[in-house]
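One chain follows as structure tokens, the form predicted alone.
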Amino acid sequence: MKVHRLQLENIHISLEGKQLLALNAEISGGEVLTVMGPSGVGKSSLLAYLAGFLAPVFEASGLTRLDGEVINELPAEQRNVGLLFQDALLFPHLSVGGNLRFALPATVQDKEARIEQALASIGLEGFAERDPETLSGGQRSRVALQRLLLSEPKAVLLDEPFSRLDSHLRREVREFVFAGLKAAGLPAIMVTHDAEDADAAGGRVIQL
């Protein structure tokens, strides 16, 4: 398994001439860097800049290196950066298996076997034909993470990924997500308002 590395060098983001954030950081594979702070300080803007879809109203500079390669000028779809949001965002017109199939690289030969293997690994064996709407919140979160991992990203951005879950489910999904990222050797940046999320991530915390 290759362990990836994400480097942020002199990242500056401003809005209408006002600096929102300035950041330098290096995140190793399996590590989660947590960025905390009140609304409006640029947390989600940071993720948007790294992923390649920051709105043009913002001014941003600095280098993002993924495994040593500068990715700033690459289109979003070529940056090999995966995203997890507040909602699982499963495609409603596709089955559970269809959602996973969508993420698989074209080079994967036996896609159906890979899908069944992926579902079995998250305790959802036999769920390939299920409608995503029939899944529980925890099951949807598991499928969303598995879809992300199947796309073979080199880094992951987490935008308040647990905020819509109740406290019990939040702990369960949090443990599952962090364990999955660590096992895959992926560096991650998480934006959250919740100190418990930061504690569970176990990595460094940057307060904006």
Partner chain sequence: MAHAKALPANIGVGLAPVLVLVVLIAPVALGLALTLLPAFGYLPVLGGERLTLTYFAQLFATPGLAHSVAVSLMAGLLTPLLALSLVLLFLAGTAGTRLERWMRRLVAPLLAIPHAAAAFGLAFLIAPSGLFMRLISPELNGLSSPPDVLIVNDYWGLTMSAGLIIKEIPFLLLMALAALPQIEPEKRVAIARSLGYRPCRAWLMTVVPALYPLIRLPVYAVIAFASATVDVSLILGPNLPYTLSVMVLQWFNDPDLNYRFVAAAGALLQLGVTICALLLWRLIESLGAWLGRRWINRGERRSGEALLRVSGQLGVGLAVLVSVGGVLALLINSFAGFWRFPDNLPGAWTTQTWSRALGEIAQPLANTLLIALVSTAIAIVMVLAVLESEQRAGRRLSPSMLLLYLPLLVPQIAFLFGLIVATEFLRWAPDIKLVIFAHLIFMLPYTFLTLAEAYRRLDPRWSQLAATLGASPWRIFWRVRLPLLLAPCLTAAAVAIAVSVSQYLATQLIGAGRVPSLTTEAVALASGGSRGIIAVWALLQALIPMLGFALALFLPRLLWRNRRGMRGLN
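Residue numbers count along the first chain shown, from 1. Because the structure is predicted, anything quoted here is derived from the model rather than measured.
Below: the form predicted together with its partner chain, not depicted.
Although the partner is absent here, Tyr49 lies within 4.5 Å of its partner chain in the predicted complex, judged by heavy atoms. Residue contact check for Ser151: one or more of its heavy atoms lie within 4.5 Å of its partner chain in the predicted complex. Using a 4.5 Å cutoff between non-hydrogen atoms, Leu54 counts as a contact of its partner chain in the predicted complex. In the predicted complex, its partner chain lies within 4.5 Å of some heavy atom of Leu83. Using a 4.5 Å cut-off to its partner chain in the predicted complex, each of Ala60, Leu89 and His93 places a heavy atom inside that distance.
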